[in-house]
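Encoded as structure tokens, the following chain is the form predicted alone, with no partner shown.
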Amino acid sequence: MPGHFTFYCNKIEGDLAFFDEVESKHAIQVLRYGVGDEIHFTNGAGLSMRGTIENASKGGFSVRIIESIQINKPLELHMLMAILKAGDRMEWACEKITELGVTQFTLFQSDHGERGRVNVERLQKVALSAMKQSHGAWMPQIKVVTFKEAMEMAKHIAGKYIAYCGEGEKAGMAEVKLPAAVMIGPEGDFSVKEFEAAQNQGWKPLDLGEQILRTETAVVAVAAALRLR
């Protein structure tokens, strides 16, 4: 039997789980799982399950569930990132922060940002793959919104931070506690108008150090710093 892999299932009926053609290609054709083998899988909403394969084909397979465990949702970590022109850079950030357990990933258009196109469906596939690879049980929510909507999305979180390169008093990473929301701007930084609007909504300026990081690097660095303490 192959080594330990985590698969994704979004159709469960009683004690049977049904897997689609995509998962079947990975599990049955590539990894050579077969009838009687035990597999581990998740629904992406906190359930971690294991079971034995009952039927398998190229079009899909079914599993008899042996055990189902509800995994507590991690403390909220909402990362908000300015839209980038390069889709592969957004995908890279999405992959890495999913592995790190970010609960929500929001992309927004910024005054100084590129007018990039966001393929949400592609990002969801990247996040799904990253969740499975890291044996996670929670998929991050992924949304694309305006800057104004981004500010309002985290109003229920007390710890809201905006990484701003301008002058002034700022919080350090050591001061950030979960649950938290952290907003990372474009490489041209937030406009003064955006920064002042965020402050008026309760967002606190955040210092990310002396090095100037690319947007996607800053997103991953912050997520790692907060999750790996």
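Don't overthink the numbering: it's just position in the shown sequence, from 1. The shown structure was predicted, so the numbers you read here are calculated from the model rather than taken from an experiment.
Quick note: we don't show the form predicted together with a further copy of the same chain, though the next part is all about it.
Student: By the heavy atom within 4.5 Å rule, which residue out of Gln141, Gln133, Thr146, Asn119 makes contact with a further copy of the same chain in the model of the complex?
Tutor: Among Gln141, Gln133, Thr146, Asn119, a heavy atom within 4.5 Å of a further copy of the same chain in the model of the complex occurs only for Gln133.
Student: Give a yes or no for Cys9: in the model of the complex, does one of its heavy atoms lie within 4.5 Å of a heavy atom belonging to a further copy of the same chain?
Tutor: Close contact is absent here: in the model of the complex, Cys9 is far from a further copy of the same chain, nothing within 4.5 Å, heavy atoms only.
Student: Looking at the partner-bound form in the model of the complex, is Ile212 within 4.5 Å of a further copy of the same chain by any heavy atom?
Tutor: Yes - in the model of the complex, heavy atoms of Ile212 and a further copy of the same chain come within 4.5 Å of each other.
Student: For Asp189, is any heavy atom within 4.5 Å of a further copy of the same chain in the model of the complex, or not?
Tutor: Answer no; every heavy atom of Asp189 is more than 4.5 Å from a further copy of the same chain in the model of the complex.
Student: If you check in the model of the complex, is Met173 within 4.5 Å of a further copy of the same chain, heavy atoms only?
Tutor: Heavy-atom contact with a further copy of the same chain at 4.5 Å: present for Met173.
Student: Can you tell me which of 106-114, 75-83, 92-100, 150-158 lies within 4.5 Å of a further copy of the same chain in the model of the complex, counting heavy atoms only?
Tutor: Of the options given, it is 92-100.
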